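Before any questions on binding or motion, here is one chain by itself as structure tokens, the form predicted on its own.
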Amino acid sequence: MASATRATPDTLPAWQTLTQHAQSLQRVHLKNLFGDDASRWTNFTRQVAGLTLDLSKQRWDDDTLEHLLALAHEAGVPGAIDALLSGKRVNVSENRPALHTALRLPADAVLNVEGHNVVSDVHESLAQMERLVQRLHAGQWRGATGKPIRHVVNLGVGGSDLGPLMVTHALTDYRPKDIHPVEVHFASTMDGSQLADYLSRFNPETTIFVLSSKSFTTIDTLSNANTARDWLLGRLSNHGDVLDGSLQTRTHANPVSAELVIRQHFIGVSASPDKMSEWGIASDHQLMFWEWVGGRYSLWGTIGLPIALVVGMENFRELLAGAHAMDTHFRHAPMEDNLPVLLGLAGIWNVNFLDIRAHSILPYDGRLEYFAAYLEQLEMESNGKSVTSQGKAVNYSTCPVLWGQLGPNAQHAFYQLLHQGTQPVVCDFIAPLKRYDEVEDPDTRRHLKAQHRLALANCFAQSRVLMLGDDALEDDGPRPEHKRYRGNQPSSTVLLDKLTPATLGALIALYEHKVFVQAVIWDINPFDQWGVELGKQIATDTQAIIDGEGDLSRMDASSRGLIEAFWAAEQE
């Protein structure tokens, strides 16, 4: 993605030009940019794959975009896009490709990576996943005591949890009808609180667990998995009574072997088949993915098993098709019409030239409740870096701080800061244009559509107020100072024609590629996460000390005090 001799981005000619250009725009208000350009909406809006991207409320003009596009060319963005999508080793620190886009290639595509067509491997894994999904949807997957499975609990963390959780919630309207009812749940917290709730309510005879971990060494996931295994074995094997977790009663059943319990109640998803087998997961219940897929980019493959269980394989493939449509656009569209490139350049402009280092994600659709959390991981784990891809410290800002919430709720929470706070914030508003067409009852449909119009009115109004401030109001006389608001806060709006598997796939891919574009310009590697790995290592060392197996004296005073406080609490 970056050569050893590449200049740092802040030394590129276009960067220097943009620095000077930004000074001329610092005091230009968005309302004036709109007033001076009647065609601004047309100039800064693009459409593709069921999405409309409105960048007209960014604090830039035609010259800004021209300079940013020059920066993208000087930084090598076109070549980097080709390298990413053709399987080059763009993950330079780990010396491997980043081929999440291969997970959504159609079956007849060919992508040779170092002499091997990875597309056939991808579709073989999807076919195996489809077989497992069909068994569960047909009620043919039986637990160790012969009862059909009703509950599937996904045990994962990070990308193995957030992606599937976000998508299953967003696409809940697309549950297939006339299948055996299977409910999907998620447990990620290492303290066991989520899992404990499920274990207190579910029947072990009809519950299975999906262990999702790329390395199959993630302590959070394995801790939950070991607890689930002990819960199952304690109730299903080596005795004649089965505890019904939902009813808290015992029903007579024949004892079953531990081997059968593990086989019928666990599915593994990992890039480490040996570790899955060592843990006890049957080989035909193992789903594969690969080292060249980062965890936060993995929902498109077998980590997406919970998605397929909720929406069915047909809709899962539509999700992949929507993402692939965005991949194709990203690869072939001219830079000036390329949605991920334009969205990425808007971020570069805000962070590096307008000094706006906070970014809020604001969906106006309850089905996108987890989308902000998903983007927090995608962007901050990818681009939260302070060294270049060659290991040199940067002297410019990289990823902003991201946070967000459902827009209608956030309006009553932190919008006050957006409108009148001292911290400048750029916002992304996201909403579908159409909703509730499928509701059969005409009266209910009419009321729900009215609510959708209300949500859109608020979405459009909030970006308008961020732009214009109190000038958005008709002149109602002098206003006290505490009611004054200058506006001039930039925002982007992404409209989906309708929230479907395909448009959601395109939306996620849009942001994935935006992150990549920014990483290329900042000359950082978005596909490693050494800070996360360091935290895991230190946590393991600290756990050993808490368990009395390490040297407390080598800890700092604060950590020693915290550990001793825990020990004292245990003795009470």
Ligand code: F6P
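Start at 1 with the first residue shown and count on from there. The model shown is predicted, which means the values in this text are computed figures rather than measured ones.
The same protein has a further form, the form predicted in complex with ligand F6P, not shown here; the description that follows concerns it.
Using a 4.5 Å cutoff between non-hydrogen atoms, T64 does not count as a contact of ligand F6P in the predicted complex.
In the predicted complex, at least one heavy atom of Q529 sits within 4.5 Å of a heavy atom of ligand F6P. Though the partner is left out of this view, Q286 does not reach within 4.5 Å of ligand F6P in the predicted complex, counting heavy atoms only.
In the predicted complex, none of the heavy atoms of L105 sits within 4.5 Å of a heavy atom of ligand F6P. Shown alone, this chain has one stretch from 356-364, 454-462, 295-303, 316-324 that lies within 4.5 Å of ligand F6P in the predicted complex by heavy atoms: 295-303. For the marked spot (E130, Q134 and H265), a heavy atom within 4.5 Å of ligand F6P in the predicted complex is absent from each of the three residues.
Between the options G344, G158, G312, P204, the residue in contact with ligand F6P in the predicted complex by a heavy atom within 4.5 angstroms is G158. A single residue from the set S491, S389, S213, N383 has any heavy atom within 4.5 angstroms of ligand F6P in the predicted complex; that residue is S213. Contacts between 539-567 and ligand F6P, taken as any heavy atom within 4.5 Å in the predicted complex, involve no residue at all.
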